[in-house]
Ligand SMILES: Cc1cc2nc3c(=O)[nH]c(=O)nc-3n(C[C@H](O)[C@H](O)[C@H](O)COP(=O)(O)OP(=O)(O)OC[C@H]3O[C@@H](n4cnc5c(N)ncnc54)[C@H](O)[C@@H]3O)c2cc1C
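First comes one chain, alone, set out as structure tokens in the form predicted alone.
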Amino acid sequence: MAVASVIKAQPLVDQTLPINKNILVVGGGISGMTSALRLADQGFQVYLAEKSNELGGVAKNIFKTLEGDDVQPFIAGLISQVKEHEYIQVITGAIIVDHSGMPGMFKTGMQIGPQMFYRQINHGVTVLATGAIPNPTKEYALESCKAVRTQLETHKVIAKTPDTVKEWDNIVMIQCVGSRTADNPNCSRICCQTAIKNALAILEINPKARIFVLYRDMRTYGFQEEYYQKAREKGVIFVKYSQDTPPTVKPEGEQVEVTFTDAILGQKITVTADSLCLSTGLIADNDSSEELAMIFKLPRTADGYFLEDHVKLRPVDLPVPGFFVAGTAHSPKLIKESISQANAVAARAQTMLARDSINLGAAAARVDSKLCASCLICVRTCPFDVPFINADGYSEIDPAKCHGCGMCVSECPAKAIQLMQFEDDKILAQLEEIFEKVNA
């Protein structure tokens, strides 16, 4: 069979195409800007597309990290470096509307600005750093009572109006608000350390304040555990509650009454709080990520984040070659974790861009124009929309786009399409050899 197949073999020529070494980074937060800077420093042209009119993302509303680092000067410096870099072109107000091509030769169209001008970018690699958004929950009278605010809003009050914090006597923090539920089963990872950060910051301003943290599980992983211990030492009271018996909230004028069950005392306790802080965490921007997933043909997790190719072996690669993900577009992360992943993406992208051409292989479908009847079956069958009827009236398949799946070959009624390396005459020669041996 092998000899019979070799006799019918035809020479195959690999299809090669030059790689476009431009890079499109979608998202202008910390992750997107970090990836863009690392790649631009290596001499690659980077197009940084941001949906809003400003760079910075959610980090623009963060002033301090748990470790005490100033975030705003860091963000300002990052934005300045990006805007001034000769190899980075910042495109704000950009909405991705179409995408085509293959790894190394992508074309992405976007509408820009209030007048929605159309612009197409030619690039070889795409980095998705679209980020996540604060969970817009309405639980615990968040929008109806002035004393109720999110941890992000509390963080802003601490940073901007510390005199307000000095007037607080009792502060209650409720963890896992809108997270780890049937509607949003994931843990936002940042909530516990944010509560610890705000509690310690409040005690720095107002040492006499009493702070109650109502939690389901405290997940201050790694070295963050040291700050949890520090909060305990400073008098922060941690009370565990179950999902079946959550705290109840009742607005009382400018204050709020929070009632919860103390598992140790075995009875309900009511605290009249001057401020109720809700740890709402982050969720995927489903409107944005769903649209981008459809345009780029990328998979997402059940809760709307982009799904990596392999959690251990390819943690920043997406299943479609040439696509990479960084930051909270992948899952909720701390700032330092987002920066680490952005650097990893830049390194992975460079491994692809280091080559001058991309080898497409030789196993592509080829059409015999003399046999083609222009029946359009191959056009309808191909899952990648590659075949088309050309100006001469017969089907044509671009070998640069063909994935070599063989669907069109099996469906063509006129046998006008052959998949190179798997031609009909080679397979028939093998079968004839078997039949001869069997009959003998």
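Remember, it's a predicted structure, so these values are computed and weren't measured experimentally. One rule holds for the numbers: they count along the sequence shown, beginning at 1.
The form predicted in complex with this ligand exists for this protein as well; it is not shown, and the discussion that follows is about that form.
The contact with this ligand in the predicted complex, taken as any heavy atom within 4.5 Å, belongs to Pro134 out of Pro299, Gly235, Pro103, Pro134. With the partner omitted here, the stretch from 236-244, 268-276, 82-90, 193-201 that lies within 4.5 Å of this ligand by heavy atoms in the predicted complex is 193-201.
Among heavy atoms of Val46, none comes within 4.5 Å of this ligand in the predicted complex. Residue contact check for Ser52: one or more of its heavy atoms lie within 4.5 Å of this ligand in the predicted complex. Although the partner is absent here, Val26 lies within 4.5 Å of this ligand in the predicted complex, judged by heavy atoms. Remark: Gly56 counts among the residues lining this ligand in the predicted complex, judged by a heavy atom distance of 4.5 Å or less.
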